[in-house]
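Below you will find one chain, with nothing else, as structure tokens; this is the form predicted alone, and questions on how it binds or moves follow later.
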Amino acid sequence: MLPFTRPSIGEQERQAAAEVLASGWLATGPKVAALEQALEEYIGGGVQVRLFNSGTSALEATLLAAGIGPGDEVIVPAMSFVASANVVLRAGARPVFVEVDPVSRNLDPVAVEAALTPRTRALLPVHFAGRPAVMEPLRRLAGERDLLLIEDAAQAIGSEEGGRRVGAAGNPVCFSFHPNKNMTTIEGGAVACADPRLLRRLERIRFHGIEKGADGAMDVPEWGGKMNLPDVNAAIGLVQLGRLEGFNARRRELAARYLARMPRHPALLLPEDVPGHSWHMFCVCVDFAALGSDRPAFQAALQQRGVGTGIHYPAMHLFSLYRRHGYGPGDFPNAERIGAQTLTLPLFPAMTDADVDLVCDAFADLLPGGDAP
């Protein structure tokens, strides 16, 4: 069975973890500092990086460090992993969902402007599946309205936008290093930012609010959580970062083969390739109803042909949590279409060209009357 994803872990990662275990220093230490520096050099732009135990923690800590809280609103796409909105609720603010583009699955800047209110404090665009969001209109809006711009780049390490790496612009940008991401620390995340005051607060929030002076004296000036990354995770991340460009290059090759080989059919909506895309996932939409089928049956037919799939993602505003906040069916048709029709196809660096052909041939079998690419 070809899974929709598989982490690329090898002997180098195993050896790096073993060395940390043998060192006796297992919590946050020199490996975390080394990975933060390596990520700063990789991302560029003069930003600093602070590591966290997950991408979700990185987002939550950034909202808290920026003072986002009760009475505030944060613009969030209606199509993303639910953490993008959950962290806003966790900070005490209200997520305001906005429609997405049906192909890129990223925020529609026109819809963002229409959703702004006097309570809007921040914009939280997501670079879905590694495709960079259109950021210039959002930067303009943030500047004109004095809004914080926080980028959810959980799926976009190595992506490029506007001629530079995602994360290099200076505003806070949050990454995830979960096992299914383009590089992994097993669990982990990071914030890249150029604001020294925000960075100082992030350091406190990620570890109990503790602040140490030059003489080693400890103070706790504010609340903090337990969001730090252990050294064993960072050691794996250092190896993975060194392999990231190769991983992403292979992902781009596989995505290009998908786009060249997938059948063209009115019931199938394919993603697009754009400059700077790191291809974290290859997600399609299938109009199951037009085929006289449904998603579970279609997935089962693919599975019979040796192809595993995922679902990324249901429309967030239709979850019961957010229905209680006033959202419901019909609010965001594009997000709802994606949520009902999405399938995530296999994409990971160890795949072969023959693996892609297997998936494309399976779709050709299941989409009668389609045209050859």
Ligand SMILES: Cc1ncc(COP(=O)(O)O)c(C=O)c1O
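A residue's number is simply how far along the shown sequence it sits, counting from 1. None of these values were measured; they are calculated from a predicted model.
Beyond what is shown, the protein has a form predicted together with the named molecule; the following relates to that form.
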Using heavy atoms only and a 4.5 Å cut-off, determine which of 78, 166, 235, 154 is in contact with the named molecule in the predicted bound form.
-> 154
Contact with the named molecule in the predicted bound form, heavy atom within 4.5 Å, among 286, 83, 149, 302 goes to 83
If we take heavy atoms and a 4.5 Å cut-off, which stretch out of 49-57, 36-44, 319-327, 332-340 is in contact with the named molecule in the predicted bound form?
-> 49-57
Answer with yes or no whether residue 181 is in contact with the named molecule in the predicted bound form, where contact means some heavy atom within 4.5 Å.
-> yes
If you check in the predicted bound form, is residue 188 within 4.5 Å of the named molecule, heavy atoms only?
-> yes
Residue 91: heavy atom within 4.5 Å of the named molecule in the predicted bound form?
-> no
Even though the named molecule is not shown here, does residue 176 get within 4.5 Å of it in the predicted bound form, heavy atoms only?
-> yes
